[in-house]
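Only one chain is shown below, in structure tokens, and it's the form predicted on its own.
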């Protein structure tokens, strides 16, 4: 695997990689495969009909990980990639994705990733995805991730997604169907600044008895950026669902939250919450009395909020 310094820096930011990871991995750079490794329990196969891969995890696989980061360092490169994860019954794995774009030119660079997860019975998955953009060019850095989740009986999936900085436009969509006794936990963190626009949309169907979901979005909008949070949770059986949006608004930014919960069963228990506001003055004053400037105090509060 041969990557330049810019690509290696992007890998570190989006996947915490300081070199070749252990275990199974597929690293994509500028639209092509830069490196791949499989294990006895995890196979990675290139799709033949569309651009993307199939990640196949054998039943009973425990304490293994898969890294599938993407880096774009060519201005004007635009791609759509389809990755399918087939997670066998009774397995317990960690999947680390993420995309970093360095755009030093005038043309827009875009990565659209469509990830589908088919999680078998009693399986557990932790999925981590980070997005990051940088570069001194005038070209936009665009990311439009789509995640589709199907959880079988008594399975569990935890998603940690983060948009760190530097993404000019993003439209993030997650759709999930949850079977009996299965649980989906989603934690989203987003930071926007300048004139950036971020739209996130969640749609969760609680179809199974005793299924559950917990969807939380935390975001900070600075300067002239705009954010929209859309969350739909449908209780179609005896289930528990919770959706929450917490946002800090600064400068001239705008944030809107559109939660929807729908109980289609008498034993569906659903809750939605949305809190949008500025940084509390007493928080700033408290930190400034400790010797921080107002800007340093703001950064400290934001860091803690998004941690």
Partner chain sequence: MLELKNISYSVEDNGVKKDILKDISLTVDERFVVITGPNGSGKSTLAKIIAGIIKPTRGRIILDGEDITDLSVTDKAKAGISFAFQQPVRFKGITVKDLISLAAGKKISFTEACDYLSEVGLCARDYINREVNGSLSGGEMKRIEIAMILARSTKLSLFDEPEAGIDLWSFNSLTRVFENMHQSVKGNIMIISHQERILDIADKIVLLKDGRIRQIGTKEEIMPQILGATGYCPQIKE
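Since the structure is predicted, the reported quantities are computational estimates derived from the model, not experimental observations. Numbering follows the first chain given and starts at 1.
What follows is about the form predicted in complex with the partner chain, which we do not show.
Asker: Only one of 64, 51, 246, 43 gets a heavy atom within 4.5 Å of the partner chain in the predicted bound form. Which one?
Answerer: Partner contact (heavy atom, 4.5 Å) among the options: 246.
Asker: When the partner chain is placed as it is in the predicted bound form, which of 33-41, 264-272, 55-63, 277-285 ends up with heavy atoms within 4.5 Å of it?
Answerer: So the stretch in question is 277-285.
Asker: Taking heavy atoms and a 4.5 Å cut-off, does residue 301 contact the partner chain in the predicted bound form?
Answerer: Result yes; residue 301 sits at the interface with the partner chain in the predicted bound form.
Asker: Using a 4.5 angstroms cut-off on non-hydrogen atoms, would residue 22 count as touching the partner chain in the predicted bound form?
Answerer: Judged by the heavy-atom cut-off of 4.5 Å, residue 22 is well away from the partner chain in the predicted bound form.
Asker: Hey, in the predicted bound form, is residue 209 touching the partner chain, heavy atoms inside 4.5 Å?
Answerer: Residue-level check for residue 209: no, no contact with the partner chain.
Asker: Does the partner chain get within 4.5 angstroms of any non-hydrogen atom of residue 218 in the predicted bound form?
Answerer: The answer is yes: residue 218 has a heavy atom within 4.5 Å of the partner chain.
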